[in-house]
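Just one chain follows, in the form predicted alone, and it is written as structure tokens.
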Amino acid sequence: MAIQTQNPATGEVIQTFKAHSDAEIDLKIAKSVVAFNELRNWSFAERAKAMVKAADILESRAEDYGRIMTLEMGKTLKSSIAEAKKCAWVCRYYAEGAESHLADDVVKTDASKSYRKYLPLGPILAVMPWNYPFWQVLRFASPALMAGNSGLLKHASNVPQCALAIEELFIEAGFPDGAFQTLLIGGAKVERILRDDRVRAATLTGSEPAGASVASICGEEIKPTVLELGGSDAFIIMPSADLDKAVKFGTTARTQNNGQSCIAAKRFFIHEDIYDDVKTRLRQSFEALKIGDPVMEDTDIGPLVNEDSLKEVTEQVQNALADGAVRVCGAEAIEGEGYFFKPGILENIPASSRAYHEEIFAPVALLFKIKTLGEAIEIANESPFGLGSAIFTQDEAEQEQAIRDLEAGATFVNSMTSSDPRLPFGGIKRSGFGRELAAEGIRAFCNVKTVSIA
């Protein structure tokens, strides 16, 4: 894939970038090692000063960064600006909390003193996706740099301007030269970098095949990895739920980021007693969404990222309909300029269809009528994915059952799944392994060294 900026709203190629050569890659890895050896000796106060400066820059330039995101991947400008501000939040969180998260953890043993000590590993390769082009990177970079590691970013090839802007952000913030660098490369170069002895670990957010490839290579090289992959999140609505709230959150959870979110609510399990009512409300809510130019303030849904994504979701919907699913509303491509797709709802999805088993990375909600919470959980857990989940109910026993039995990295009760710097984030099964954010996120790429003093 060419490394280029292509406006999804028009299909126009704005700018093409030259990929880095092998020699340039080697130089950047070497710089990353030098930067690591400097940064690891900085005090937490010194790292925090630079990280707070990064947060200040993100906030002051939120609209500028937002316009780059919207241009390259099509999300609404208002959501892009919010993403930049959320990145400032994660920077401030780790600037303030890194020292306590990585403080020596004293353990009483027969030794005179023994403790866990958290030490950085070195240069880490981050392979990141286009759908949250700043947030996905910053939620890795902030803890990694605050721990004393250096970062190498292989971003998605369709968001090069975002990738370069993030590199400049950390330079301007005052981190050592080479502490965080962007590699303008295609996917074929990733294996060579992973097998370089100077690169100590890797993290990937993206597709299941890409994650499997990185994990396989790192397994051979005995290098730690964190993977955040796809999701097909369950969104359960029970009779005791606040239906206005459930429909409002459900609409947002399925259509945010133009429907291109791993933690989007994708499969709606609705109790039979309220099914028809909820279906009607959801249809009305989906049909009220305004589709159009993502730069406009009143736009709710912008284009999908590219032509391939538009074709993929169209094929998934057509396959489901051919197998017997019913279209409640929308769920179809919009003819004309750009890669626009009308948000929609399908019901009666047969188990034989692709949509039943695959992740749909577009604003399409799948409705399932269920008789009991146990039935909803059973069907939800049939998915190979296990990222997020949500349940709307006022019944505490149902809440506890969902928390205990849903196979997912997170369960949100009476709210939509989201990421928060204060809470660990990640999945199980084919949604990946390891955790980002919170204490777990900063410790993920540390040597947890046992120290025992006789």
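We number the residues from 1 along the sequence you see. Everything numeric here is computed off the predicted structure, so don't read it as measured data.
There is another form of this protein, the form predicted in complex with a small molecule, and it is not shown here; the text below is about that form.
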*Can you check 185-193, 367-375, 316-324, 341-349 and let me know which stretch has heavy atoms within 4.5 Å of the small molecule in the model of the complex?*
185-193
*Examine A454 and determine whether its closest non-hydrogen atom to the small molecule in the model of the complex is within 4.5 angstroms.*
no
*Any chance A88 has a heavy atom within 4.5 Å of the small molecule in the model of the complex?*
no
*State yes or no: in the model of the complex, is some non-hydrogen atom of T225 no more than 4.5 angstroms from a non-hydrogen atom of the small molecule?*
no
*Taking heavy atoms only, is T109 within 4.5 angstroms of the small molecule in the model of the complex?*
no
*Identify, from the list S353, S213, S285, Q256, the residue with a heavy atom within 4.5 Å of the small molecule in the model of the complex.*
S213
*Given that the small molecule is left out here, which of A246, A98, A202, A156 has a heavy atom within 4.5 Å of it in the model of the complex?*
A156
